[in-house]
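A single chain comes next, written as structure tokens; it is the form predicted alone.
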């Protein structure tokens, strides 16, 4: 198969793609796989291919060696994200990628990426941009964890996830599917499940969100962004030549 439309949309939101760029993207072969909730999509270790999200939600999981129950979720990935493009140059990963709910992904062989990067500088820059955005999101998570607390911290995550999903067309009308348990939110934000429960309840009490199972409806985007002090600049929401 060819690279998904979600990834093409991710790039087109940030730069213009020529007809030749689009043709080249369609020519990159991929292998499609599906995974059930909790399965490892990408494992720790050496890799010869990278993973592109097509459907669902995955998370980057870091663990302490020798302590299987000690983990942190250090990134979330939505359709259009290249989950581990950095493995193309690093070759080995020190983290795994796990499915939250059922997911569908495409794998791109590194050999095909080598051929593209050796001949097509514009697409190479755009692929590099995706890893730079991933790093910017990670930095923002670290910053949010140091300056925001509880409800505001959770609100920031919700603002980010909705915007990322909405930009590629998998969320709309301020409603998104977020198949995360409270213990998984705790692993993301660094709180206990009890604190997460209180934060969710607080956002509901403020009438900022309606949260039922995996469905999250944002009732007041302005109120949620104000609470979170959310500035989407780090997601690179502007279209510009690169």
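Numbering follows the first chain given and starts at 1. Because the structure is predicted, anything quoted here is derived from the model rather than measured.
Not on display, but discussed next: the form predicted in complex with another copy of the chain.
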Quiz item: Wondering, does residue 190 line up within 4.5 Å of another copy of the chain in the predicted complex on heavy atoms?
Solution: yes
Quiz prompt | Distance check, residue 121 to another copy of the chain in the predicted complex, heavy atom within 4.5 Å | solution = yes
Quiz item: If you check in the predicted complex, is residue 62 within 4.5 Å of another copy of the chain, heavy atoms only?
Solution: yes
Quiz item: Would residue 70 count as a contact of another copy of the chain in the predicted complex, using a 4.5 angstroms cut-off between non-hydrogen atoms?
Solution: yes
Quiz item: What is the one choice in 157, 85, 167, 76 with a heavy atom within 4.5 Å of another copy of the chain in the predicted complex?
Solution: 85
Quiz item: Given that another copy of the chain is left out here, which of 162, 100, 107, 127 has a heavy atom within 4.5 Å of it in the predicted complex?
Solution: 127
Exercise. Tell me whether 133, 138 and 143, taken together, all sit within 4.5 Å of another copy of the chain in the predicted complex, counting heavy atoms only.
Key: yes
Quiz item: Does any residue in 214-240 get within 4.5 Å of another copy of the chain in the predicted complex, counting heavy atoms only, and if so which ones?
Solution: 229, 231, 233, 234, 236, 238, 240
